[in-house]
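This document opens with one chain alone, in structure tokens, the form predicted on its own.
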Amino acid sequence: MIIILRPDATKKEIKHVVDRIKKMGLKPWISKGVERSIIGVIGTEDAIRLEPLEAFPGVEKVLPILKPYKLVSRDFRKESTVIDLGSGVKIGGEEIVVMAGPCSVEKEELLIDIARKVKAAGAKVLRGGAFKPRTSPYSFQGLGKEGLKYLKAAKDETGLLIVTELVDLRDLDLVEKYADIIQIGTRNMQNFGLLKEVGRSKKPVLLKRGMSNTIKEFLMSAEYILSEGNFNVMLCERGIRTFEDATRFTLDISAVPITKNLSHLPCLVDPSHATGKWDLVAPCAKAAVAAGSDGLIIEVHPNPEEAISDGAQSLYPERFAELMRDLRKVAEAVGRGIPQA
């Protein structure tokens, strides 16, 4: 449930409500809005429904949240969440943030070269996998710590922020040290232990939708992270499995307006993994911007045929630059913007 406070509620009155919630073994979360604040109550609410909360000083009214995800819901926070990623980059506002780079970190010089080129085109975040969860145990699994060091070198050279995937809970401290954004990939969307731990982290989290999961399940996974105190969560639609085999996955473009209607969290789209084909990345990226996506994550490689992983869906840097020019036109048409380099 949510407890809507009066605009003139005092700190003492709010504390009294919070203390009563805690006394009943429930967890209160205070959300400060533009006009007034609310308190979200997390836990089994049967007992608290018997409490005369609307009679408490400072309380205006009490409303139940019927959705299973509470903190993620727009019922809890009406205003869209804007996440400050650092270095003046914010996601969830009017500007669309583009993250770009190779699927896997390969060599330091190569990564720095890619970083320079995607930054020149307007990307604000460098993506690159140091740890790679693969379907086959014999496939390339990433460079690990060495790959993270390469990412840091690219950041030092270009100033781009870093997003990279966390696969194993044992690597959390290491990834936190190097990354600005922790990515939870599709295969770990329902790794609830991992979600709880990144929920206790101070780093922003990019949560990708599971390839076989519903939007409800997607939002419930985000709820795991928020329930541990980390509200800096970005949702990412990256394609789901359907009967269609013309693409690697099926990009659920409707997930963008649906999640933004149900949740206050920013929503991004990964057209590279969704389609698996480089020539489909551009049209799907444009569609995502038109649908209201707050950001894009796109794979870029100067020599896709020699990329260690996912070369078929990677754009040449010059094609990425051309796409960025086109995306700015689409963004302008829908009242958004994509910053220049």
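The first residue of the sequence shown is number 1, and the count goes up from there. This one's a predicted model, so the numbers in the text were calculated from it and none came from an experiment.
Absent from the display: the form predicted together with a small molecule. The rest refers to it.
Proximity to the small molecule in the predicted complex, single hit among 86, 159, 229, 133 (heavy atom within 4.5 Å): It is 133 that has a heavy atom within 4.5 Å of the partner.
Among 86-94, 184-192, 220-228, 143-151, the region lying within 4.5 Å of the small molecule in the predicted complex by heavy atom distance: Contact-bearing stretch, as computed: 184-192.
May I ask you to state whether residue 299 is within 4.5 Å of the small molecule in the predicted complex, using heavy atom distances? Residue 299: contacts the small molecule in the predicted complex.
I'd like to know whether residue 208 contacts the small molecule in the predicted complex, with contact meaning heavy atoms within 4.5 angstroms. Yes, residue 208 is a contact residue.
So in the predicted complex, does any heavy atom of residue 124 sit within 4.5 Å of the small molecule? Answer no; every heavy atom of residue 124 is more than 4.5 Å from the small molecule in the predicted complex.
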